[in-house]
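First, one chain by itself in structure tokens, the form predicted on its own.
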């Protein structure tokens, strides 16, 4: 099964931490939708007829598109691609964009999963991050989604802000006990250079959270999410009743996906394709059939490193059978030997012909993964 990602690049304002491609030129929404529809037509054969069972509208802020625009996009996908009748269709939404009417429209269009960009239930944090909703709106958005019949609700939260106390982080997490949220994505703040936070950090106005405090908040996340019934299945993702993000899991498991929209990436097992991170260039290019996109073939070494990078972030780890399909010159046995120091330290586990990073060591997984990369 394959997946389809649609990048909706619009934001009313940019969050201080965000380095994803987005635009505040909301007057270009109609032109963008037309270009998006054209891209779907032109690239419908990318998945080679594979059936798709996930559609994910991310951004940016997909909830800034009206129901007619969303309907056009979904209808075009169903017309030109092989879509499963059991497809998980996700839309990301900002709390302040939602109302009973908006959510009812989303349900009627076929969206069966909603991902709410909460980030925090505290106004002081939301103001600091330049989020445009309030804490009350965050809480109300979950209640509205529940009342509208969404049974698959995901919430995003951010921790690791230097001013966020451990107690405040605990309160953010414990608020989830009052709702029927069955998926949580909790990300540690990363200060990216080309963001407001990046400029503030360079000027000495803000600091990164100390590693010890970061680890405390990560451990709090693990402990409280478990108490609330969530399974920790990927470094930053937690699910109840196996309600994993089926779409994002495709990325971690190396499955095929088609990316539509400016900056969107696609993968077909052998090569990677991506659109330019420029809204006007994207619109002009697809509407005139002259867009220059980029593509690169994936070498055996890149496939090896990508398998390590994606699978070791998850509970599924790397299976011997998957490793051996790489046709890479390093055998499974040699790779196990390479991991030996982490097996001895208990940072990694070898069980049933599968290598994984111990959940207790996921906080430092990036360093372990980087150490296992091949640079030949």
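Positions refer to the first chain, counted from 1. Computed from a predicted model, the values in this text were never measured in an experiment.
What comes next is about the form predicted together with a small molecule, which does not appear here.
A heavy atom within 4.5 Å of the small molecule in the predicted bound form is found for exactly one of 268, 148, 105, 190: 190. For the candidate set 125, 92, 88, 234, a heavy atom within 4.5 Å of the small molecule in the predicted bound form is found for exactly one residue, namely 92. Looking at residue 162, you'd find every heavy atom of it more than 4.5 angstroms from the small molecule in the predicted bound form. Heavy atoms of residue 69 never reach within 4.5 Å of the small molecule in the predicted bound form, leaving it off the interface. Mapping the unseen interface onto this chain, residue 172 falls outside it, with no heavy atom inside 4.5 Å of the small molecule in the predicted bound form. Taking the partner from the other structure, the small molecule in the predicted bound form has a heavy atom within 4.5 Å of a heavy atom of residue 17.
Note on the interface: of 317-325, 40-48, 343-351, 56-64, the segment with non-hydrogen atoms within 4.5 angstroms of the small molecule in the predicted bound form is 56-64.
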